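First, one chain by itself in C-alpha cells, the form predicted alone.
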C-alpha cells in the first residue's frame, strides 16, 4: 500500500493522508456523531471496513453484487437542462425529454418532475399546468415518477410573503409575535402542500417528494409533517418521500411539537420516527458536510447517523447523497470518487435501503 492515500476535504480539495491520519479522522468523525446524537459509535469492524473503502485505489468503487439499492432523486432530470450554477449542463431539452432521458438512457430506478422554482408556494398558482405536465410524463414513463418541491417556509415571510418576518421580530425582542408569525405561516404552508398534493393525486400521481424539509427550522419541518398527515387521509395510495434539510432541526420556534415530541433538536434517528408517525413512506436523512474537515471524518459521521437511523426505522431510509450532505464535498458537481465511496459505505455499513 502507498504511504499516503488520496482523498478529499469537505470542500472538494484533493489531499493525501497517511493510513494513520485517516483512521484517526474516522474515529473522530464517528465520536462526533455519537456525542451529538447520543447514539452508538461505529464498531471497530465498521471502521476497518470504512477505511478499506476509502483506501481502495480505484477511482470509482461499488457495492458487492447483490447489495444494490434503489435510487430515488430530487430532480436529477432537471440537471440536463438547468444552468451550470444549479449543477446542470444546460442541454436544450424540455422537462419531458429530460425525464425520458433520465429513465431510458441513464436506466434510472425512479425519476421525477418538478418546477424550476422548486417550492410549493409558487407551484400552487400554476398547478393546472403542472398536473398536465405530470400526467403526460406519467403516460410515457415506466419507472415510478415523483413530483418534487420544497416546503420552504421562508417564502411566506416578508418581503416574499404575507406574514411578518419572524427573524426581524426576534431581533426586536418580539418573541411571541415571532412565534405567531411562524405558526400562521405554517398553517398556510400546510394548506398549500395539501392543495398541490390533492391536485396531483387526481391525475394519478405515483409519489410526491417533500424535499429539504426543515430548511427554515422546526416549524418548517412541522408544517411538512402536518401536510403528510392530511395527504395520507385524502390520497392514501400516493407515495410520500420526505427528505430533511439537515441532520439537526433548528429551533427557530423551539416549542412546536409533533406527535407529542419537540421538533427542535431532532437528529435523523428521531426525525424518522416523526416521519413514520405522519405516514411518510420513504425518509431521506441529510447529514451535513463540514468543509474544513476531511472526507474520512465527514463520511464516518454520516455513516454513524445513518446506521442508527436505519436500526430504529420501520420505513425505507434513502440517504441524501449529494452536494454537501451524506459525506459528499460541498460542490455543485461532486467528484465521483467521493460519491461512490459514500454510496458504498452508506449501503454496506450504514445499511441504507436506498440513496
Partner chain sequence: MPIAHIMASGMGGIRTAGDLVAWMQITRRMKIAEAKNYVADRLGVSLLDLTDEAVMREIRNDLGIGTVAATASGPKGIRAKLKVAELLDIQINSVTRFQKQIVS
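Nothing here was measured: the structure is a model prediction, and the numbers come from that model. Positions refer to the first chain, counted from 1.
Not pictured, yet referred to below: the form predicted together with its partner chain.
The closest non-hydrogen atom of residue 81 lies beyond 4.5 Å of its partner chain in the predicted bound form. With a 4.5 Å cutoff on heavy atoms, residue 160 does not count as touching its partner chain in the predicted bound form; it lies far away.
Using a 4.5 angstroms threshold between heavy atoms, residue 27 stays clear of its partner chain in the predicted bound form.
Although the partner is absent here, residue 48 lies well away from its partner chain in the predicted bound form, with no heavy atom inside 4.5 Å. No residue of the trio 114, 217 and 255 has any heavy atom within 4.5 Å of its partner chain in the predicted bound form.
Proximity to its partner chain in the predicted bound form, taken as heavy atoms within 4.5 Å, picks out 67-75 from the listed stretches 209-217, 245-253, 181-189, 67-75. 142 is the sole member of 172, 128, 142, 233 with a non-hydrogen atom within 4.5 Å of its partner chain in the predicted bound form.
Residues of 190-215 that come within 4.5 Å of its partner chain in the predicted bound form, judged by any heavy atom, are 201, 202, 204, 205, 206 in sequence order.
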